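Heads up, what comes next is one protein chain in two forms, each shown on its own as structure tokens, labelled structure 1 and structure 2.
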Structure 1
Amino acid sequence: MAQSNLESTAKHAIYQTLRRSIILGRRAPGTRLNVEELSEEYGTSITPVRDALQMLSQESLVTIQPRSGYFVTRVTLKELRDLLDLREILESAAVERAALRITDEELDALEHVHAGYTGDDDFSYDRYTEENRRFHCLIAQASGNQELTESVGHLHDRLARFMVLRRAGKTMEYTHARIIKALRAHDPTLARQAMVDEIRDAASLILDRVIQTEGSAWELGGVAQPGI
């Protein structure tokens, strides 16, 4: 039992560390993740490393190739655009529904998501990304549709590496405050517009940054194959 608890603790620690390194670009798309090397790096057995990689594969941050191993997932430009479009479709619907039924307690929770701007360091941007995910998942949850909430959460996991590229630490609270204001007014039209404005601004910044500075890493010109 003690050994099982130790492996579970190690699994979650490895998962968090690897996830942060992928999201912040420390491990480039297509990089092979060697289980034995990671086991040695973290001073654990192979089992918690494999478990952590499995968790990351469920978030589409790691791709598992049979007989080849684990790789940091690559995303083509078409896939990225589709994900950003899907985000607008899902979250504009979620916020419209939430505006009609959100409670004061849920609104208060939204206002307390952010811990404030603390700088442009990696730790802060990791936190901003997680807070942004939580904010949008809370709105989806307020819509009353659990499947929608889970879809929004998974989408944010897949987009996490790109959301960091926005460098939105100073502006995120302002854009979210606008959404909260519309939700407090229980106005679906205003809420949808505030959400769409934020999502489209984010998408524009992400695409510009990816195409200009990250294109070679992401192999944006075609259908990328992980590990090649």
Structure 2
Amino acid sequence: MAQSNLESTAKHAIYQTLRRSIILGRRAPGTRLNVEELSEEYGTSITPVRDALQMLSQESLVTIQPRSGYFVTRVTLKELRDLLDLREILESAAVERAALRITDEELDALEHVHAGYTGDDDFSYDRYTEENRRFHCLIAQASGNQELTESVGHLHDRLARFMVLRRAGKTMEYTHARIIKALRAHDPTLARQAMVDEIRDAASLILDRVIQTEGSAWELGGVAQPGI
């Protein structure tokens, strides 16, 4: 997304709000998104709504059936596995690079990401998920590669609705502390190992949870697009 000051446009405000509601699971996968309803909800015409939906479709959060409808994208189990694997590829590379060049300021920032465990309610889990995203993006930023940072951020956005399923509120600070320790030691191998451990644990938990709680709704290995 290459734009300057796009934040001043209505389409951007709608995009952000809608994106967040999809990511946080308030609009369920497969749900139809109706442009007339959305334009009433946001108090605009359908044009910026369409623009926002176009943007979301390019992030694969929304699927366009031309001339038929817009839908919140369903994710197959295969796609989820692919995303989690891609996450490992990107974030292990990021943390290796970060270990070699991270500054004290950046390390301090990492240590202040978490506001602590406050329970297992939905509100707390929204916060933990956001803090987790911030933590990992700060590491990617410390890699010095902005393209990599943006890729990591987008990946977290796409995975956010699944990250909540982990229920890792109690353990997150511990696993992140391991990563911070390796970064402080400027040890790329150790940092990579700590990161890969976290990511694989998370992937395993997410996949288990998804299969348990939504097994019957998943298109295992198939194409899960509306209308097909």
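Here, rigid core means the biggest group of C-alpha atoms that superpose within 1.5 Å across both forms. FYI, numbering is relative to structure 1, first residue = 1. Computed from a predicted model, the values in this text were never measured in an experiment.
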Report summary line: Answer check: the form predicted alone matches structure 1
Report task. Identify whether Gly25 and Leu107 share a rigid part, assuming the chain moves as two rigid bodies between structures 1 and 2. Result -> no
Query raised in the report: Can you give the angle in degrees by which the smaller rigid part turns relative to the larger between structures 1 and 2?
Result: 20
Query raised in the report: Where the core is superposed, what shift in Å does the CA of Ser68 undergo between structures 1 and 2?
Result: 3.4
Report summary line: Core-superposed CA shift of Glu36 between structures 1 and 2, in Å, is 4.5
